[in-house]
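First comes one chain, alone, set out as structure tokens in the form predicted alone.
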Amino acid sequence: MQFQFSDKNPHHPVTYASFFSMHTRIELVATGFTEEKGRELAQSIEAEVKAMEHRFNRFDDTSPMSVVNMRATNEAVTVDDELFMALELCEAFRRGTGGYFDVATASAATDEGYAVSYLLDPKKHTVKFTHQGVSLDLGGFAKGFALEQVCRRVREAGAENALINFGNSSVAAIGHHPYGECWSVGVEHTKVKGTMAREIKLNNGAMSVSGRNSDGVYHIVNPITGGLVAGDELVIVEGRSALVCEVLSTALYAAPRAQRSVIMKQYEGYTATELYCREGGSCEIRTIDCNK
């Protein structure tokens, strides 16, 4: 972990910490802590995030998620409270997005047009796959879930103003910049490196952006078709919950444009925009209108 502390301004001492987890750089900026308390908070956050990374990592043979993938085709697998809650949330989001957010591969269509790949028993806390070939990948969920938990921990520690950044694609703000009315977050232009395409102003809220990765590679899968989404736009979602923003930005990018406003109708209090970056540095912004 990289840790820095400054009390040059005694009214707003600054804690900064960064570490690598979940395949991304995670950063914390918070004001109002002593150096000792700031370091303690940063260390606890790193430990919690890395514990969640292990829990949800399907590539780690010792992780609870990997155990589910290995055994749940043949038997109902008992999981702990956190993983069961995560799977319940994933199922709720799958239904709320019309199937465009789905942590399961090889899903089976139902009469309702949705996919039921795993069954949850809330009394026994078990998960069972419905057919052969199912595998769960919580990568698109875990980052937003972890960011939500980090925000909770930072608030409980007494922070009034803080910014938590997960790889520049998912950001959450507590309060505002001590010398302003918000935290200002830039979205990088996809065609002109080092250029800001849009400024997002956060105050007790979160944002998430989905699209091609920083190397220009398409990586988001359409759960309905199973193919990679090849959209050149970025989808930006803003709202109060970091987890919902993460899920929505992923689902909206995967969904056809005609379906995006339909999905947004299910999530009051959230706004979504499509950002089209052009050669030369210009941008076009389109609001996804939930009233359509």
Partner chain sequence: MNRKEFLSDCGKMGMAGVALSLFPWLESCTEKAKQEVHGEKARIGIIGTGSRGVFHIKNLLQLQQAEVVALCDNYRPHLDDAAQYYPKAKLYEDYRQLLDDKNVQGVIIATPLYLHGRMTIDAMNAGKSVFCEKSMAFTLDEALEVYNRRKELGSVLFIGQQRLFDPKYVKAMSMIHEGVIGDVVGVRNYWYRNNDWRREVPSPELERHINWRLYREYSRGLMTELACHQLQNGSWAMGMLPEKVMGSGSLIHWNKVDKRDVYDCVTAIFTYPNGVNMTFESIISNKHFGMGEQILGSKGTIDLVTGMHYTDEPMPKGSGMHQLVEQIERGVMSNSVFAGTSWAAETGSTAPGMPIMPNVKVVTGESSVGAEADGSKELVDAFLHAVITGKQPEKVLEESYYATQFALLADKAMHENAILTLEDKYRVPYVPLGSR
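Residue numbers count along the first chain shown, from 1. This is a predicted model, so every value here is computed, not measured.
Another form exists, predicted together with the partner chain; not displayed. Remarks below refer to it.
Visitor: Let me know the one among E82, D137, E91, E188 whose heavy atoms come within 4.5 Å of the partner chain in the predicted complex, would you?
Guide: Exactly one residue meets the criterion: E188.
Visitor: Pick from G99, G205, G144, G211: which residue has any heavy atom within 4.5 angstroms of the partner chain in the predicted complex?
Guide: None of the others qualify; the residue that does is G211.
Visitor: Would all three of Q2, S6 and H177 be in contact with the partner chain in the predicted complex, where contact means some heavy atom lies within 4.5 Å?
Guide: Yes, the whole candidate spot contacts the partner chain.
Visitor: Answer with yes or no whether R278 is in contact with the partner chain in the predicted complex, where contact means some heavy atom within 4.5 Å.
Guide: Answer no; every heavy atom of R278 is more than 4.5 Å from the partner chain in the predicted complex.
Visitor: Using 4.5 Å between non-hydrogen atoms, is S169 touching the partner chain in the predicted complex?
Guide: Yes, S169 sits close enough to the partner chain in the predicted complex that at least one of its heavy atoms falls within 4.5 Å.
Visitor: In the predicted complex, does N74 have a heavy atom within 4.5 Å of the partner chain?
Guide: Contact with the partner chain, no.
Visitor: Heavy atoms within 4.5 Å of the partner chain in the predicted complex: does Y270 have any?
Guide: Y270 lies outside the contact set for the partner chain.
Visitor: Tell me which stretch of 61-69, 45-53, 262-270, 27-35 has a heavy atom within 4.5 angstroms of the partner chain in the predicted complex.
Guide: So the stretch in question is 27-35.
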